[in-house]
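A single chain comes next, written as structure tokens; it is the form predicted alone.
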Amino acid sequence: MINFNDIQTAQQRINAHINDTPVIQSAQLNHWLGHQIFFKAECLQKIGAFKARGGCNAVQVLCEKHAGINRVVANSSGNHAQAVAWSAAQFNIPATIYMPSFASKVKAQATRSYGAEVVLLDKRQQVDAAVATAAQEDGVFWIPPFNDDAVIAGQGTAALEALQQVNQDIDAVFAPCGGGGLISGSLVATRALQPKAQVIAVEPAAGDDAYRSFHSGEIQRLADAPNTFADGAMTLSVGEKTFAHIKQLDDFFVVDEAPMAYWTQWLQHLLKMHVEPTSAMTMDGVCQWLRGQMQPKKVLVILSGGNIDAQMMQRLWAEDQLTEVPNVQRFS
């Protein structure tokens, strides 16, 4: 398991390469909910997602450990693909990214634009098998999307920075969970800086493997990629490294598809920025938690990314959700 020093070291490595993203609030949303919500806007990060942090840290760790790197490879449905492609380009290392054919088209194209070779395969299982095979070649190194210490430490820098920026006591830190890299790093950073704050994960109900793993105490695996708006949380299972952290979370919520569309529209409207449904779903988890709170709370939400293609935008905005203002009882 990583520790806080690993995250601090990662911050030093990547600081010159990434964006210092802001923490923002919506006074109107705070008024409607009766609580104070702080958003760490990783949708404004390099490549449009927090994944740039883990990718950048992992590439630099490889460079520190190995003299000859011929290529890095990765498997991803989107944001990690872009992160590894972008990070490899910063250090002039060739990259090949294996992606499922159903991955977001804008994410696949962005990955190519950073100079990586993109290999599309029909099933997630084929993607995972192909990257494992490629990693057997001499001088080829695999950067996993979440089950990697350097990746987890890099992702943890988002919460580290956010808590330093807020600089006041926080009651809870929320982040989406796919493979668990972000929530794992967030847990370690929060426990070090604000040990009294709860750390809580949110996952799509259609792909609830991490949620079931958290409650059962054993890693659960999906048979196939879930059908969900939250394309950043379509992993089949968490990893052994991330699960070691996930087991220590304070709580875990799952979210249906309707609240994802609702909160995607509202966050885009209130915050005036693109927010992925994977990020937006976290707000429904926040509301589920707030329903049980008797006093006003301060909550930090990691907005994980903002990469949405035209097809997904059409689906998310097919029905106007802005006629009903947010409240913590919505969808209860």
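Residue positions are given as counts along the sequence shown, with the first one as 1. Whichever C-alpha set is largest while still superposing within 1.5 Å between the two forms counts as the rigid core. This is a predicted model, so every value here is computed, not measured.
Omitted here: the form predicted in complex with another copy of the chain. The next part is about that form.
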Look up in the model of the complex whether His269 has a non-hydrogen atom within 4.5 angstroms of another copy of the chain, and give yes or no. yes
Since only the chain is shown here, I'm wondering whether Asp20 would be in contact with another copy of the chain in the model of the complex (any heavy atom pair within 4.5 Å). no
Consider Gln288 of the chain shown here, and say whether it contacts another copy of the chain in the model of the complex, taking contact as heavy atoms within 4.5 Å. no
Quick check on Gln265: any heavy atom within 4.5 Å of another copy of the chain in the model of the complex? yes
Of the candidate stretches 65-73, 41-49, 294-302, 277-285, the one with residues having heavy atoms within 4.5 Å of another copy of the chain in the model of the complex is 41-49
Verify the flagged residues Gln109, Met273 and Val325 against another copy of the chain in the model of the complex: is each one within 4.5 Å by a non-hydrogen atom? yes
Checking Gln248, Gln164, Asn227, Ser113 against another copy of the chain in the model of the complex, the residue with a non-hydrogen atom inside 4.5 angstroms turns out to be Ser113
Heavy atom contacts to another copy of the chain in the model of the complex at 4.5 Å, residues of 311-332 in sequence order: Gln311, Met313, Gln314, Trp317, Ala318, Glu319, Asp320, Leu322, Thr323, Val325
Against the rigid core, is the Cα displacement of Ala108 between the shown form and the other one at least 2 Å? yes
